[in-house]
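Here we start with a single chain on its own, the form predicted alone, put down as structure tokens.
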């Protein structure tokens, strides 16, 4: 009942207030910055430049670009994503201060890289074989993170790091788990579910596996990504082409 009441209050607030009542107040943005660092920086980066979560400095957002869209995303979360709801932890003014901070860091300029988008697309699907694990639109595999909106959600710095050093920041939900069976056979894959009694994973061929702990020798999470580093695979021009292609992926709202 309490959560239902909170949800009704949030919904009523969003209907009643479509623009930020604290817009233009520099102190609101500053206060929002400190709240952001506590709640949001672990995913969006200390300066909102992106990480596991989208780069918020780009000035355009998958949830919509209006004040009320940003408020709703913070208060109610974003269904189908890792973005949780904070409406039961923050009052309306605190949410609006976060909106003020996000607005204050927006650059509204597009990041660029000296690469060719068409050539990068060929590298992605060809030499890189990225489609074996990643999906773009309706093409590719769902083993790794969906890249359909990579250019809208990720910064150039984050994308480059993901391709060069994939172990440096593993996207939640895509960690590696290794299972050693009683016959000595080892199977590694992307974790789909794990608890005290069982584990489910998907290997790089896309095959789904499920194990009960008592039927195997060991189950262990590993601090590495199944994605290989492409730092020595691509030439500098191929890397720039690939990054240009990834930045071009905007998806649709």
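A quick note: this is a predicted structure, and the numbers were derived from the prediction, not measured. The term rigid core refers to the most C-alpha atoms you can superpose between the two forms while keeping them within 1.5 Å. Positions refer to the first chain, counted from 1.
Another form exists, predicted together with a small molecule; not displayed. Remarks below refer to it.
Asks: Would you check, heavy atoms only and a 4.5 Å threshold, whether residue 117 touches the small molecule in the predicted bound form?
Replies: Answer no; every heavy atom of residue 117 is more than 4.5 Å from the small molecule in the predicted bound form.
Asks: Would you classify residue 49 as touching the small molecule in the predicted bound form, given a 4.5 Å non-hydrogen atom cut-off?
Replies: Judged by the heavy-atom cut-off of 4.5 Å, residue 49 is well away from the small molecule in the predicted bound form.
Asks: Using heavy atoms and a 4.5 Å limit, would one call residue 44 a contact residue for the small molecule in the predicted bound form?
Replies: Yes, residue 44 lies within 4.5 Å of the small molecule in the predicted bound form.
Asks: For residue 147, is any heavy atom within 4.5 Å of the small molecule in the predicted bound form, or not?
Replies: Residue 147: contacts the small molecule in the predicted bound form.
Asks: Looking at the small molecule in the predicted bound form, do all three of 107, 136 and 244 come within 4.5 Å of it through at least one heavy atom?
Replies: Contact check failed for every one of 107, 136 and 244.
Asks: Considering the small molecule in the predicted bound form, which of 220, 217, 204, 187 comes within 4.5 Å of it through any heavy atom?
Replies: Selected residue: 204.
Asks: Sort through 54-62, 22-30, 206-214, 193-201 and report the only stretch with a non-hydrogen atom within 4.5 Å of the small molecule in the predicted bound form.
Replies: After filtering at 4.5 Å, what remains is 54-62.
Asks: Under a superposition restricted to the rigid core, does residue 72 display a Cα displacement of 2 angstroms or more between the shown form and the other one?
Replies: Yes, residue 72 moves 2 Å or more.
Asks: Given a superposition on the rigid core, I'd like a yes or no on whether residue 85 shifts its C-alpha by 2 Å or more between the shown form and the other one.
Replies: After core superposition, the C-alpha of residue 85 moves 2 Å or more between the shown form and the other one.
Asks: Any chance the CA of residue 211 moves 2 angstroms or more between the shown form and the other one, core superposed?
Replies: Where the cores coincide, residue 211 shows only a C-alpha shift between the shown form and the other one that is less than 2 Å.
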